[in-house]
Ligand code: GLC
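One chain is shown next in structure tokens, namely the form predicted on its own.
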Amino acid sequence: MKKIVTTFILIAVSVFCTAQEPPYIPETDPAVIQKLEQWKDLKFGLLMHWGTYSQWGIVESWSLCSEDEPWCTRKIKNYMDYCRAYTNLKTTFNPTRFDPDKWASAAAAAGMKYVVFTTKHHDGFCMFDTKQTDYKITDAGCPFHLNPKANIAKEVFDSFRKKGLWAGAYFSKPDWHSNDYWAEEWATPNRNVNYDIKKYPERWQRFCACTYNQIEELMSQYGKIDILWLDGGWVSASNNQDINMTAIAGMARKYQPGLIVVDRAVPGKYENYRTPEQQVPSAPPGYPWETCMTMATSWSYVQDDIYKPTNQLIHLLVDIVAKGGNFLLNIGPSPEGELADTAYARLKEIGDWMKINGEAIYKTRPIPPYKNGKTCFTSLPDGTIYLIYLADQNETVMPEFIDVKGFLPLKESGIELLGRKDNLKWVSAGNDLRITIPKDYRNHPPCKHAWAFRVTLNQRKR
């Protein structure tokens, strides 16, 4: 009885949350609409959380916030002492092994098509050469400022663009280092601005101007930027922290026409796509979306972190794409500027799979039933349909038959296994499809982790 009641409660909560989700506001700018369609074709991107906090191997920024959460405990008990020590991480941050070309090459080889890099997180430390603060990587107080690659965000964007990837700038709207957001006169009880904006409007306007100016620097001085990925959704007009997104978006698109603006968790015209975090929707949500998820357990660097198996990462990618989303996979570089060997290994293994099966991923759109059992579905505008069978972790031999529930192709259709050239035998079983896998294919699959089948009306050779 307890299980039945619990299940009912979970279903009720799920229905309530879905029903309460604010409506998505479609974009009206033709240039942005076109850009969003191009972004939907990309499918797979890299998110990178990196800053001074990597030296301590802690969750990014959040330990500065005095909200009592188990995932941001502090090694120094005295809060003020801790904040001073955290701020002083600037004086020891010296990632001399920073090699963005190596990162970009690995991402491109994995089949990633865009990068979103943290130019500034909530702690306010800037990984770019802003003129608005000295709390930045290029300041004389940071030992890395003498390095030829000191302007880290610029180096990252340049390297990834050279490999053909889009550039996305992560930027935190709140700034806990700014005296005009967290004013030193008062305590900081939570993540929000710590003074009455209506009582001190000039102070708030200084903060808004600084935010505007920093984003303008990124939009005007760092080459082509495709995505402005704004975090810190509590800084919004609905939460009485209006930073004038209309002015920011207008300015940004003046420099970067068609720019995709992602004002995360702030429903409205500047949330061009939504970003469920560490989760995949159970069904296509009906608007542009992107799952952002960690490859390991933490967004930022943690020594000896545990990385998800390649099988799981590929299955996540397929599941997300089948439901019409993009997969933004996060890796946190070390304080020296390196990625873990395990991260590079995962990227290579994903790339090996994508070389064979990429056509079932890129430029596809969702098609019912999206996912049924171990099979996911994608489609191309020309009518080609892909059936992607998700193999279990230890499933290295293909089954003799692959049964696809709830899907039946036209009689004239040809079915091929990606990575092989011959058409396969198939029969209908009621409203379901049964594909026969030859013995040689079964014992020597073209790849690991998942097998994709191309369904075409004309049995033409590829």
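All residue numbers refer to positions in the sequence shown, first residue = 1. Note that this is a predicted model, so its numbers are computed, not measured.
Separately, the form predicted together with the named molecule exists; it is not shown, and the next lines address it.
With the partner omitted here, the stretch from 429 to 437, 54 to 62, 29 to 37, 389 to 397 that lies within 4.5 Å of the named molecule by heavy atoms in the model of the complex is 54 to 62.
A heavy atom within 4.5 Å of the named molecule in the model of the complex is found for exactly one of Tyr170, Phe128, Trp103, Phe157: Tyr170.
Comment: the named molecule is not present in this chain, but in the model of the complex one of Tyr114, Phe327, Trp229, Trp182 has a heavy atom within 4.5 Å of it, namely Trp229. When the named molecule is considered in the model of the complex, His121 lines it closely, a heavy atom lying within 4.5 Å. Contact between His49 and the named molecule in the model of the complex is found at the 4.5 Å heavy atom cutoff.
In the model of the complex, at least one heavy atom of Cys292 sits within 4.5 Å of a heavy atom of the named molecule.
Looking at Glu277, you'd find a heavy atom of it within 4.5 angstroms of the named molecule in the model of the complex.
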